[in-house]
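One chain comes next, on its own, written out as structure tokens in the form predicted alone.
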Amino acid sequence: MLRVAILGCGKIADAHASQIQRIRGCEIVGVCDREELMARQLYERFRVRQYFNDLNKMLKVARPDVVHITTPPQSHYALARECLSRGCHVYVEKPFAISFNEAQDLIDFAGKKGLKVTVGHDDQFRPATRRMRELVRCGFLGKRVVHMESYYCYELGGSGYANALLSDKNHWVRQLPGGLLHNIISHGIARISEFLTTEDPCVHAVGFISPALKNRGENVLKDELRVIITEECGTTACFTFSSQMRPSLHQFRIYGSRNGLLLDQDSETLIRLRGERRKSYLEHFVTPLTLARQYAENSLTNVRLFLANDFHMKEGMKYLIQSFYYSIDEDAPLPIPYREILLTARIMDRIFEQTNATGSAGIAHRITRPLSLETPCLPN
């Protein structure tokens, strides 16, 4: 039985507790938060074994094998290192760390301790995303990836979160090097990192405050971001984050030398895009029907998963957690290679270096520090 603890009992901790309890062979032996009331309410609602308001006490009394860190990002590095030093494997919510250097140190430290860490990029493990990964692995795209487009939007609107963030000048999100962007964009960047094949992509980033936020009196937090990533081998990628564009997209498009794929997270669909066009009017008639059939097939797949009680909103989180636990129990490969975690962190560093620097929107930064882990290749 794997003993699991949760550190940080805010909103996202609910999702972790819910998904952990769906996995056989593990038990939540403790939850912890500096605010004792937060820890107690999680303990009561999910009927876990114990609650604490002190990390050291929880580690000593509950003796977890794995700790899930669901605190604000500024605390990830110190808390993860402490848990690792006490012999615990660690699952860290996104973003993994504040910087590439912190991410590299955590991974190196885990290796020295013979322990494992991962990051909460659970969108990478939703059902349609897993189908996409298998198609890429089997060579559907062709010999190489040519271009990627990643969209990850966030609707601020009139939500309580937005009102708190905009009204509180000391909000913890404002203390992040990349502000609002830092807390959100790693999901979209990680999609790109998975398929980059070199260690030194160039990153061009432009970030700005939308007119809508300016009209609400905001003059610091950027809520719009456009990024171009290029590799010497010719692969390119575009990343878009927006709080204002509608529809608010969560999509990933990947184009190879033979075919392409469209992943729509919002509708949980995966569409195959033919690389060759029909040289007649059939292109106008057959292609729409082919796409319609694919959307219908996706809908039926989702219905089957729903009826099988395997279509939860956080199904990707369950799959990632379960895969991480399996890698611990069976000493199997991690679900997210360390190289992808590091590359995502380094690209984010470069984005914030540019968006935070006056007049630097047009400057490209190359990742010059070699990544020590081997880069996987796409199939021929």
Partner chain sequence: MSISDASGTRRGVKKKDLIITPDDKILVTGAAGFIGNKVVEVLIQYGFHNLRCFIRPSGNRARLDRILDSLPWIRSLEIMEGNLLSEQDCMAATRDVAVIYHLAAARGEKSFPDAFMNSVVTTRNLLKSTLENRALKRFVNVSSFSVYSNTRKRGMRLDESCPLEPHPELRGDAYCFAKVKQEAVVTEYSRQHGIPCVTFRPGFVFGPGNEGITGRVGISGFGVFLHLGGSNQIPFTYVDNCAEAIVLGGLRRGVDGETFNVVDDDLPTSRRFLAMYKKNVCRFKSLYVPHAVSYLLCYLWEKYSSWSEGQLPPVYNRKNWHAYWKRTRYTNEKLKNMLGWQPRVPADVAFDNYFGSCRLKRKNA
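Values in this document were obtained by computation on a predicted structure and should not be read as measured data. Positions refer to the first chain, counted from 1.
One more form of this protein should be noted, the form predicted together with its partner chain, which is absent from this view; the next part is about it.
For the three residues Lys11, Arg22 and Asn309, a heavy atom within 4.5 Å of its partner chain turns up in the predicted bound form in every case.
Residues with any non-hydrogen atom within 4.5 angstroms of its partner chain in the predicted bound form fall in just one of 29 to 37, 347 to 355, 333 to 341, 53 to 61: 29 to 37. Although the partner is absent here, Asp329 is not a contact residue: none of its heavy atoms lies within 4.5 angstroms of its partner chain in the predicted bound form. When contacts are judged by a 4.5 Å heavy atom cut-off, Thr197 does not count as touching its partner chain in the predicted bound form. Although the partner is absent here, Arg47 sits close enough that one of its heavy atoms falls within 4.5 Å of its partner chain in the predicted bound form.
Its partner chain in the predicted bound form comes within 4.5 Å of no heavy atom belonging to Ser257.
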